[in-house]
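Single chain ahead, by itself, as structure tokens, in the form predicted alone.
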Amino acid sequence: MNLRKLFRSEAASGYLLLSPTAIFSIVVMAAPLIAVVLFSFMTAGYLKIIWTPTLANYVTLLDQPIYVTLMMRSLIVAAVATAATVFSALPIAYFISFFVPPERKSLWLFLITIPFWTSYLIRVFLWKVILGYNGVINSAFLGLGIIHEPMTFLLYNANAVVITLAHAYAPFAILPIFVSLEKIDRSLLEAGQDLGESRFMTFIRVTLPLAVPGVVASVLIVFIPTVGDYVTPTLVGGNNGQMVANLIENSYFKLGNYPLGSAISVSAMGIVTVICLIFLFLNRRFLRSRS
């Protein structure tokens, strides 16, 4: 009798409606992830996978300096690109929220999304044209007489990767910060200025702490995908700008070592997860100290 009531309850009906989507999500998202984790504990044989559980792949990652170096480079490049993106997005979001008339904010947000109209690959190629040996920057500086020969340090290094990633992910950082700024009660800012605070100190003590949720969202939205970005390091990074995603691709498709590539993927996901959890924990402690 109780089971009959349970199956006829609203909760059961809700789960029944949700089940097709949940099953689809598990099959599409969880199953490949589980497969990658399982592959990471296997051994690559000659044209086959040896299905004997082992930790040899993870030991190899710790023993070979190239894996640790590329992982550290990926984290540093992603962190710098995230910082550059968020720091450049904050003034833009602040300007749109506080200085643009309400009837024109939609237009400004529309303009911010214009880069999404073109392919990500095309945007990376454009930066390759801009930063290239005969690119826009070198041509302009040569024409103005600032330099006498093209600069070679603009392209095919980690700096080019950071610049390209910061531009590509800028809208992802601007929009969450803008939403947080829009939720701030303007009377709080007026009260701060009435108490003698300057506009800058009001921003530091009132606006910025209240915008922290948007900043945190922007950091996570930008940092997580940039760590595993593959296209940008391939096109503008060169040998000095390669990241962990390029190493994974090399293990899978060039070496045919699926277990090692899976181990690199799992390790990268684990490291990024730990870093994000630490960041969220520190952010929670900061918010508690401010309250």
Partner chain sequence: MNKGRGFRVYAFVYLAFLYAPIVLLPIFAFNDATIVSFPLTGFTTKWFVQMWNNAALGDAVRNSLIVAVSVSILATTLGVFAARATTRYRFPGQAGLLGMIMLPLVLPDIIIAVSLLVTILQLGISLTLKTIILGHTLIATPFTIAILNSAFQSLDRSLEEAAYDLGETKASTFRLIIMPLVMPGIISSLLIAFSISLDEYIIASFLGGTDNTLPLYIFSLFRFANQVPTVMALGTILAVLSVVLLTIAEYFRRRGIARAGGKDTGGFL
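On a predicted model such as this, the values are computed, not experimentally measured, just so you know. Positions refer to the first chain, counted from 1.
This next part talks about the form predicted in complex with its partner chain, which is not shown.
Taking 151, 201, 107, 83 one by one, only a single residue has any non-hydrogen atom within 4.5 Å of its partner chain in the model of the complex, and it is 107. Only one of 89, 77, 160, 211 lies close to its partner chain in the model of the complex, with a heavy atom inside 4.5 Å, and it is 89. Taking the partner from the other structure, its partner chain in the model of the complex has no heavy atom within 4.5 Å of any heavy atom of residue 42. In the model of the complex, its partner chain lies within 4.5 Å of some heavy atom of residue 32. Its partner chain in the model of the complex is not approached by residue 146, whose heavy atoms all lie more than 4.5 angstroms from it. The shortest heavy atom separation between residue 61 and its partner chain in the model of the complex exceeds 4.5 Å.
The putative spot formed by 120, 139 and 245 is fully lined by its partner chain in the model of the complex; each residue has a non-hydrogen atom within 4.5 angstroms of it. Residue 269 is the only member of 266 to 280 with a non-hydrogen atom no more than 4.5 angstroms from its partner chain in the model of the complex.
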